[in-house]
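Shown next as structure tokens: one chain only, the form predicted alone.
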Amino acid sequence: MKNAVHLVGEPTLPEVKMHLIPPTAPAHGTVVSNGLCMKGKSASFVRHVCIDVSGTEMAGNFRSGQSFGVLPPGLDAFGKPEKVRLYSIASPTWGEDGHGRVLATTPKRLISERSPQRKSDPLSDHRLFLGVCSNYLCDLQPGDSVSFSGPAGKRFVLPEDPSQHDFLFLATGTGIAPFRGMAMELLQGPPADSPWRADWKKCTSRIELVMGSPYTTDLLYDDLFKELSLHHSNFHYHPVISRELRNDGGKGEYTHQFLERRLGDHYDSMLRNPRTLIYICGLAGMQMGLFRILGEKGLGTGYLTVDEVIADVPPREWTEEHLKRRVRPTHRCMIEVY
């Protein structure tokens, strides 16, 4: 990025360290704490798990927005060791402790029924299925050891100089994890004894966080974001609930529908501003919805590149295949979806 020719508004991203610990030679951390991070009683179980990585290559060498790998114990259905699973780091660059020795992540328990994954799988097999790694992480107790690799990712990180940009963060579910770390990094700063403290400056840019959730009780880190919005006038937190009525009596909505409804009075000027960067983390449907809105409203400049194959197709007629294969994000639109 340092030697690249930058377009207007394109961010300069920091050099990050990656793959210091490979999955083939994992390091071992120790669980420090493990607690629920839901807003209230919910049908889901999502936990905030903190892991001490002291004495490993990860210590002091990860950034908010990156991921790390977890290697659950045991063998898979083919008798081979379980493969690594990636989880977003939910901490600022200086970690939970201010010294980059403790990182956090946000696993959600997966409890579902089996469904065919291969042609050879029987259609009648609907036995209960528990996510191998997510439930393993959620079950861990303080003092337990965890095998891990990482860090991973170089694009879904904050720019070198956040003051040069405004930020639109869009999340669903556990996709909120990287935005917890980023918001803390931009606004709270490291503790007084942190080696990062001397160089830290509070970001005064506009920061908008839109968090999509089925129910209010499914919101994650809600208290933190409310507190940040209370004490930082440049930070705006918008919980968007899809299966409950809005406060104004309107129907529930998804994140892209919220953006479209609020374009005129809130987001149109922000999205047209070359300072703005978009970060999207969560379900892939959120990306599709956003891309369609940007195209239909003429707001895609700077965020999207459209393949010449569909150059003459009106955005309102873009198919799901078009959105997946022919519309790509630029360096001002960071995507981490699943």
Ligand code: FAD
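Heads up: residue numbers just count along the shown sequence, starting at 1. These figures come from a predicted structure and were not determined experimentally.
Just so you know, the form predicted together with the named molecule exists too; it's not on screen, but the next bit is about it.
Note on the interface: of 197-205, 115-123, 92-100, 258-266, the segment with non-hydrogen atoms within 4.5 angstroms of the named molecule in the model of the complex is 115-123.
Candidate site formed by 182, 299 and 303: none of these residues places a non-hydrogen atom within 4.5 angstroms of the named molecule in the model of the complex. At a distance threshold of 4.5 angstroms between non-hydrogen atoms, residue 146 is out of contact with the named molecule in the model of the complex. Contact check for residue 34: every heavy atom lies farther than 4.5 Å from the named molecule in the model of the complex. Residue contact with the named molecule in the model of the complex: residue 187 places no heavy atom within 4.5 Å of it.
Mapping the unseen interface onto this chain, residue 86 counts among the residues with a heavy atom inside 4.5 Å of the named molecule in the model of the complex. Taking a 4.5 Å heavy atom cutoff to the named molecule in the model of the complex, the contact residue among 228, 209, 157, 133 is 133. The partner is not shown here, but in the model of the complex the stretch 323-338 reaches within 4.5 angstroms of the named molecule through a heavy atom at 336, 338.
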